[in-house]
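As a starting point, one isolated chain is supplied in structure tokens, in the form predicted on its own.
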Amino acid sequence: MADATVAAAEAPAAAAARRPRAGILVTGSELLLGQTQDRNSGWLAGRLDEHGVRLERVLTVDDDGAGIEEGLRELLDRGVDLILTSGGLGPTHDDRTVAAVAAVVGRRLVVDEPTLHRIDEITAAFAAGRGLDPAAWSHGNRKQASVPEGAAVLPPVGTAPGVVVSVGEQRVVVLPGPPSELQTMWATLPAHPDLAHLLGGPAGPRRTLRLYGTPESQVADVFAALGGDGHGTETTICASRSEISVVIRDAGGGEGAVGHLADGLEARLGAAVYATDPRPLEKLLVDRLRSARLTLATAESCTAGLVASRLGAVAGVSDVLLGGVVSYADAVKADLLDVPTALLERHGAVSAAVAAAMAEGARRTVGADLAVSVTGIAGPGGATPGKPVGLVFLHAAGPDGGRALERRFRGDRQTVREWSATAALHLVRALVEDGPDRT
């Protein structure tokens, strides 16, 4: 199942148009060269959606000033209410976003003295801590404190301030490129006097369904059978990492239309709906383990720690995740997880029997209530007769028994690993919610 997004187009245009519209302009030659990945536009998209803002376009341009200006003009001409830019606010010659905004809106750059004073304080403290001359930052500080005349300045999180520029009824918000700085600065925007009318209101009625174990085509068929978005809703169906997320928003039909469609989908899709809130799977699982006062260990071969890594992204996971073992080699399976050598020789490392032994071994070794194991062939090599690339065995073990799972995933190495990790997390969830498999 390839990642996909199906955005229905049947919602009444007039109702949809009442939502504020936005565009994002991401700057950075390193993005276009493949040296780094854009971590900002997706995060901003989620925040905009939470505030009921419709994101219509994301543009990525290099650090050339002409390219930034062209992107800004395209978004302004499109008539969006809000333009967010990320990157290009630093002190070097190729940080050109603020100057490009000034050029496009026809404002001269002026030094904002309070901001310059603040940046000087920040760089002076940095210099003092390293025994350097703060004068070395003088030119760069002045550049970063230069903003379009009449702009509202957003206090710097690092050394670069953001700016809010009004262009008639449109707003351009210039944000820093480092994700941590951008996210911290974003927190100040919904209450900003120039932005509150766009970001300060509620997102409106919406429902979220999270699904696992059903094909995207089946969800699409059920959605169509229920009438789709013909009654004033706007639905997004997104498949990612073998899960499906369905978000139903109000597009003129009100809370009743949203609830009617969501309830219909939930009723017809049944057990495939595992959650009705936007929490990521790993967050949901950590919360449920904590509520049940259960601890977890992991034993991973082909996923090489990916299951533990996804859980580790959740704040407070140490309440439930005690530890894990990455056991690629048979010797590690035997020595650290107590998998019998005879079992490895008889069934092979990629087998249901070894997956079960790995999980039980992890429970004993780490001292956890539950454990989950993954062993498989991620590819592109490693296949043997009867054991193709994509074959994965998983096992979740608890004190009263466990749950086993065999899957054959299609795709490249990373896809097999990611889908295996998702399957492992769901297997633990099933063990916690439904208990051991008694069949």
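When you see a residue number, it is the position in the sequence shown, counting from 1. Keep in mind that this is a model prediction, so the values were computed, not measured. Just so we're on the same page, rigid core means the largest C-alpha set that superposes within 1.5 Å between forms.
Keep in mind that the form predicted in complex with another copy of the chain is missing from the display, and what follows is about it.
S.K.: Residue 291: heavy atom within 4.5 Å of another copy of the chain in the predicted complex?
M.R.: Close contact is absent here: in the predicted complex, residue 291 is far from another copy of the chain, nothing within 4.5 Å, heavy atoms only.
S.K.: Give a yes/no on whether residue 35 approaches another copy of the chain to within 4.5 Å in the predicted complex, heavy atoms considered.
M.R.: Yes, residue 35 lies within 4.5 Å of another copy of the chain in the predicted complex.
S.K.: So, residue 328 and another copy of the chain: in the predicted complex, are they within 4.5 Å at any heavy atom pair?
M.R.: The answer is yes: residue 328 has a heavy atom within 4.5 Å of another copy of the chain.
S.K.: Since only the chain is shown here, I'm wondering whether residue 42 would be in contact with another copy of the chain in the predicted complex (any heavy atom pair within 4.5 Å).
M.R.: Output for residue 42 is yes: heavy atoms within 4.5 Å of another copy of the chain.
S.K.: With the distance limit set at 4.5 angstroms and only heavy atoms considered, check whether 31, 308 and 332 all reach another copy of the chain in the predicted complex.
M.R.: Yes, the whole candidate spot contacts another copy of the chain.
S.K.: 188, 276, 341, 240: which sits within 4.5 Å of another copy of the chain in the predicted complex by any heavy atom?
M.R.: Flagged contact: 240.
S.K.: Just one of 190-198, 315-323, 264-272, 163-171 has residues with a heavy atom within 4.5 Å of another copy of the chain in the predicted complex, so point it out.
M.R.: It is 315-323 that comes within 4.5 Å of the partner.
S.K.: Considering only 209-238, what residues come within 4.5 Å of another copy of the chain in the predicted complex, judged by heavy atoms?
M.R.: Heavy-atom contacts within 4.5 Å come from 215, 216, 217, 218, 220, 221, 223, 229, 235, 236, 237, 238.
S.K.: Align on the rigid core first; then say whether the Cα of residue 118 has moved by at least 2 Å between this form and the one not shown.
M.R.: Indeed, residue 118 is displaced by 2 Å or more.
S.K.: Comparing between this form and the one not shown on the rigid core: C-alpha of residue 345 shifted by 2 Å or more?
M.R.: No; that C-alpha moves by less than 2 Å between this form and the one not shown.
S.K.: Would you tell me if residue 135 moves between this form and the one not shown by 2 Å or more at its C-alpha, with the rigid core held superposed?
M.R.: After core superposition, the C-alpha of residue 135 moves 2 Å or more between this form and the one not shown.
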